[in-house]
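Presented below, as C-alpha cells, is a lone chain in the form predicted on its own.
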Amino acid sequence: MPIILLDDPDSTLAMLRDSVATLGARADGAATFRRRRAAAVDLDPETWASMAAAGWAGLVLPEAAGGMGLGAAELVALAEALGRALLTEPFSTLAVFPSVLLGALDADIDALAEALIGGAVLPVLWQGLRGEVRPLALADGRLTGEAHLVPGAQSAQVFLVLAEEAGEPVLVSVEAASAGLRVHSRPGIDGATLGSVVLHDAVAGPVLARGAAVTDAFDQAIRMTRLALAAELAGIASRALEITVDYTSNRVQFAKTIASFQAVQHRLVDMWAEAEFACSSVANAATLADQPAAFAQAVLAAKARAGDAATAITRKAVHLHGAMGFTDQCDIGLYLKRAIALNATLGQPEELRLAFLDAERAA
C-alpha cells in the first residue's frame, strides 16, 4: 500500500512511525474524535499531553530553544503516521506553526518555547489567503482586530499575534486571559471546535520581532506547516484506501466479494494511483528542504496534490462502503471529515496552484 518513502539510515523515521502507532492504539483516534465532538472542545487534553510528552510539540523547534531540532523528513514521517492513525489533534497548526515561527526569530523565546514543549497551546493569530497576510492592529501596546477559524483557541494559554504598528509588521504575544480578548467557538467538521478571537484594546506582551524578520518567519512557518498538512493528508488517503480494500475483500454480494467485481477493482486502482501520487509529491518536497526556492514550490504542489487525493479517496471510500459508509458508526466517514478540514487549512488546492503559478512566473 502507498507510503511516503524517504531514506532512513538510522531508523529514526521508523521509530517515529512506531511511536505514533503505539499512541494511536492506546488513544483510539476514532473514539477520541467522537468524544471531543460530543464535548464540543477543540482538542483532547489527554491525547495532546501524550503527544507533548513524546516530544512531538517541539519536533522541529531548534535544539538551542530546547526542541528536538529535527527536519522535514522526520516531520513528514510523523505527520503521515498521525493521518493514518486518525489522531486528529491539531499538530500542524499548534505544534509545527509556532515552533517554526519562534525558531526563526532572533529573539528571547525561551519562556514561550518551554511552554510549547510542555504542551501549552499557543495558537497563531493571523488572517491570510494564498499566503497573503493581513495583520491585526497594535497601538500603544494594545491589540485590536479579529482572527477567525483559529484551532485551539478554547484551550490556549498564550496567543502569538501578527500585528502591524506604524505600518510595520510585528510579532507579539498576548495572554489568553487578558481583558479585551474574547473567544467565540463553533464546531468544525473534523470533530474539533474552531475559535473566532476578537481583541479590543487587549494588552500585548513585548514585541518579539518586527519588520522583515517577521515576514521571513511567517513564510517559513507557513511552508513547513503546509508540508506537515500534506503528509497528514497523504496518510489519511493511504489508510482510507487500506480500510476500503479490506472491506470490499470481505463484503459479499451475489455470493461473491464485491472486490471481485471489475467496476470496484477499477475504482480501487484509481484510488491507489491517487494515493501513490500524493505520497510521492510529499516525499519530493521533503527531499528538497535544503533548496529554498525549489522547496517552496514543491510544498505548494504537495499540499494541493495530497489535498485532492485525500478528499477524492475518502469520498470514494464512503461510497464503496455502501449505506453503512454514511453512518457515524462507520469510521471511514471520519477520515473524510478530517480530509476536508485539512484540505481547507492554509489554502485549498485551487489557491495553492495559483500561488505556484505566480511564483513560477516571478522566477
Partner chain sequence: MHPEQQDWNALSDEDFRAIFRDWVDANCPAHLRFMRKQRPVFDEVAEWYHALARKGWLSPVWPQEWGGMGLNAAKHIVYVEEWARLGCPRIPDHGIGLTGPLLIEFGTPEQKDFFLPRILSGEHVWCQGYSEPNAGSDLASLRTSAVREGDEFVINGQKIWTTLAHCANWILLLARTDKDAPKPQNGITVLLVDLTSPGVVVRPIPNLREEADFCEVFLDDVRVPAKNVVGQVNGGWALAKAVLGHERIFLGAPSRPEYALTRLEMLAEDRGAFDDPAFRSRYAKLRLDLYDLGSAFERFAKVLREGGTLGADVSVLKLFCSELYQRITEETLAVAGEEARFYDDLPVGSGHVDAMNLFLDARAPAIFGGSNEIQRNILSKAVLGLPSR
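Only a predicted model underlies this, so the values are computations on that prediction, with no experimental measurement involved. Residue numbers count along the first chain shown, from 1.
A second form of this protein, the form predicted together with its partner chain, is not displayed here; the remarks below concern that form.
Using a 4.5 Å cut-off to its partner chain in the predicted complex, not one of Asp18, Arg36 and Ser173 places a heavy atom inside that distance.
The closest heavy atom approach of Met68 to its partner chain in the predicted complex falls outside 4.5 Å. Its partner chain in the predicted complex comes within 4.5 Å of no heavy atom belonging to Ala166. Interface membership of Gly145, defined by any non-hydrogen atom within 4.5 Å of its partner chain in the predicted complex, is ruled out.
Heavy atoms of Arg210 never reach within 4.5 Å of its partner chain in the predicted complex, leaving it off the interface. Only one segment in the set 155 to 163, 106 to 114, 215 to 223, 250 to 258 has any non-hydrogen atom within 4.5 angstroms of its partner chain in the predicted complex, and it is 250 to 258. Along 250 to 287, these residues reach a heavy atom to within 4.5 Å of its partner chain in the predicted complex: Arg251, Gln253, Phe254, Ala255, Lys256, Thr257, Ala259, Ser260, Gln262, Gln265, His266, Arg267, Leu268, Val269, Asp270, Trp272, Ala273, Glu276, Phe277, Ser280, Ser281, Asn284.
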